[in-house]
Ligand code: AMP
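Next up: a single chain in structure tokens, the form predicted on its own.
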Amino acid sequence: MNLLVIGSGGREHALVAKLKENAEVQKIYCIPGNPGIAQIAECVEIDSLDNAALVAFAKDHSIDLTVVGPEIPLSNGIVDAFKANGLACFGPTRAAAQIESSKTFAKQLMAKYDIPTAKFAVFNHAKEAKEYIQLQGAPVVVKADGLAAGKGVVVAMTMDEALAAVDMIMCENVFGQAGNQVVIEEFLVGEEASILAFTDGKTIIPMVAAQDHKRVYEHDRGPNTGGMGAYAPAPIITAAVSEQVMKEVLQPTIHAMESEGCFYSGCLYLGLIMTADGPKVIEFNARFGDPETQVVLPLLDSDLVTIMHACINGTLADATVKWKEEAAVCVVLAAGGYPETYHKGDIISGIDKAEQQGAYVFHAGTASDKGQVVTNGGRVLGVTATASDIRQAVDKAYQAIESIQFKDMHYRKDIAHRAISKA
């Protein structure tokens, strides 16, 4: 088999590594990939939003399965284009990807089908949004409607912060057209968790539950990021909670999507918050989460290629999806200044040594420069370790990190602290 993976981050590196475990896979291509992926696949420079060029590449290279990592190609209709050409592509169609590309679509879907989520209101004009906030008071959550690379959400603890968030999103257009509409949500209190699930549109099978750390500093302080680390399994998602989420959220969601003419196949990411009233949906993503993928996939004890084909072919009910009785922890190594302005082009050393200690080092924001691996993003590397329990996985990950260096490297020292406190 020849496979193609779309994307360039740590999520895609983890996907390529897992897909490569299938003995029948002869060649994996990645568009555009990164230096870490280049060690196990062939990276190709093609615009990931040029559907015609991607289809042509898949045909020319006899691609048997294409896996889409990021949300933007999905919302750009890559799956639709591949399907129209008889090519197997794992992921939802453009219409189904609205569950992530439009917060308004997702919230209205949940409201219509009684899927538990925060109370909300949608606004097209800043003035009306501000008036609503002044009536509701703070804390409150302000979200840009469209895709904003995981940064379009402001948890405003004060009225001033909430009003400033509306200005930033709708008036200053920090997120471009993604901020033409805003969703204002009630502030929910509780511990958060992520559940990724495989689905063929009829059957849905949850993966091991994970928790990520969004805040940049220890003790969950500082601005939100794309994720500073993650761990799985998440103790807060007990067997009883998992069953409840399956019954009240996952199954109703895929049925709702089909009812709305947006048949959903691929990976559905569910962001949950455990409130006093039970689990509620914070957000849906239409693809594998990042960095959750770096801890979930290493725990998968079944063949990912087979599962993905089952999702595409509508045979997931007959597929085997098993998990290792282990734990995984991922610590993100970030560039100095992230998530604000940060420097690129700094030489990274010690990756090989970290891997020799048994860790996975997933490249998230790297590039090659004169034979050296250098920083090329805010989140640079994801160092993942697996072990028999969370505590051992944490120790193993941080031990591996000691081998890695680049200028102004920073990372959280408390990844998985919630799980450890429950142990």
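For clarity, every value in this text was computed on a predicted model and none was experimentally measured. Don't overthink the numbering: it's just position in the shown sequence, from 1.
The same protein also exists as the form predicted together with adenosine monophosphate; that form is not shown, yet it is the one meant from here on.
**Q** Is E185 a contact residue for adenosine monophosphate in the model of the complex, using a 4.5 Å heavy atom cut-off?
**A** Yes.
**Q** Although the partner isn't part of this model, could you tell me whether E248 comes within 4.5 Å of adenosine monophosphate in the model of the complex, counting any heavy atom of the residue?
**A** No, E248 stays farther than 4.5 Å from adenosine monophosphate in the model of the complex.
**Q** Any of the heavy atoms of R94 lying within 4.5 Å of adenosine monophosphate in the model of the complex?
**A** No - in the model of the complex, heavy atoms of R94 and adenosine monophosphate never come within 4.5 Å of each other.
**Q** Looking in the model of the complex, any heavy atom of K130 within 4.5 Å of adenosine monophosphate?
**A** K130: no, not in contact with adenosine monophosphate in the model of the complex.
**Q** I need to confirm a contact call. Of I282, A126, A319, L147, which residue comes within 4.5 Å of adenosine monophosphate in the model of the complex, counting heavy atoms only?
**A** Exactly one listed residue reaches within 4.5 Å, namely I282.
**Q** Though adenosine monophosphate is not shown, can you say which of I204, I72, I273, L304 has a heavy atom within 4.5 Å of it in the model of the complex?
**A** By the 4.5 Å heavy-atom cutoff, the listed residue in contact is I273.
**Q** Hey, of 234-242, 295-303, 76-84, 148-156, which bit sits against adenosine monophosphate in the model of the complex at 4.5 Å between non-hydrogen atoms?
**A** Within 4.5 Å of the partner lies stretch 148-156.
**Q** What are the residues of 225-240, in order along the chain, with a heavy atom within 4.5 Å of adenosine monophosphate in the model of the complex?
**A** Contacting residues: none.
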